[in-house]
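Quick heads-up: it's one chain on its own, the form predicted on its own, in structure tokens.
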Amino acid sequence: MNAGSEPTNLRRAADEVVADIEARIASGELKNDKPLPTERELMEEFGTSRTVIREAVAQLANRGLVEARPRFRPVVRRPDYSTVIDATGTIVRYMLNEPDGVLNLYRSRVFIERGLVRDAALHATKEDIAALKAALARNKAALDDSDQFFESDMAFHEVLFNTSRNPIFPAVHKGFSAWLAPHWAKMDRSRERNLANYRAHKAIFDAILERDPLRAEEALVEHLRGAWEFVKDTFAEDGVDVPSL
């Protein structure tokens, strides 16, 4: 056997372990948030080496199926829509450096939120309205603290994504936040800017409260267009030139 075949054999052996464990996670045999069997138990079960087991665990971690930390047993993470978003994060960050990559991502956010606020204006429950009202109150309370205001800003939009009752949309919001947050953090911040954002959020909330989908959509679009003008220049530091929305 030549030396070059050893890595191939390692990958094949690891792939077999991965396929077995992946099937057991999917079936529920391996429970979410519970640790995998120990390395030694896996070695004995599959009749293979520690190196193969560690390669298999690394592959499972890369797929988002387990959480692996040094000196701890890997923990099962049953895949959901957030797993998909996490798994594509590196690719999306690369695509943001493509021509119009950032603009396309932001436009997709505007497109999705336009639908969400219209739907909220028509179908939001009392619980949804209460959640929006509470998020808006936290937004107002944080006007003098830009870091807290930023967190409350994201939380307000998160409520909008949650009102859909569709688990895909909260996962998408998580992705938008992760991919764009570094640039939101670079924006110049002031109480005046925070106040403008708060007022935009209140206009969206008021339109939803009054069950006016058209006004809710208009308020949302005006808000996100204004936000874009403040954030787009932060991408220039990364050598990405982005136009107005």
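Every value quoted in this text rests on a predicted model; they were computed, and no experiment measured them. A residue's number is simply how far along the shown sequence it sits, counting from 1. Just so we're on the same page, rigid core means the largest C-alpha set that superposes within 1.5 Å between forms.
If you look for the form predicted in complex with the DNA, you will not find it shown, but the lines that follow are about it.
- Screening 25-33, 63-71, 207-215, 181-189 for residues having heavy atoms within 4.5 Å of the DNA in the predicted complex returns a single hit, 63-71.
- By the criterion of a heavy atom within 4.5 Å, Val52 is counted among the residues contacting the DNA in the predicted complex.
- Shown alone here, Glu39 lies within 4.5 Å of the DNA in the predicted complex, counting heavy atoms only.
- In the predicted complex, the DNA stays beyond 4.5 Å of every heavy atom belonging to Val18.
- Using a 4.5 angstroms limit between non-hydrogen atoms, Asn197 is distant from the DNA in the predicted complex.
- The two forms, fitted on the rigid core, differ between the shown form and the other one by less than 2 Å at the CA of Lys202.
- Positional change of Val75 between the shown form and the other one reaches 2 Å or more at the C-alpha, relative to the superposed core.
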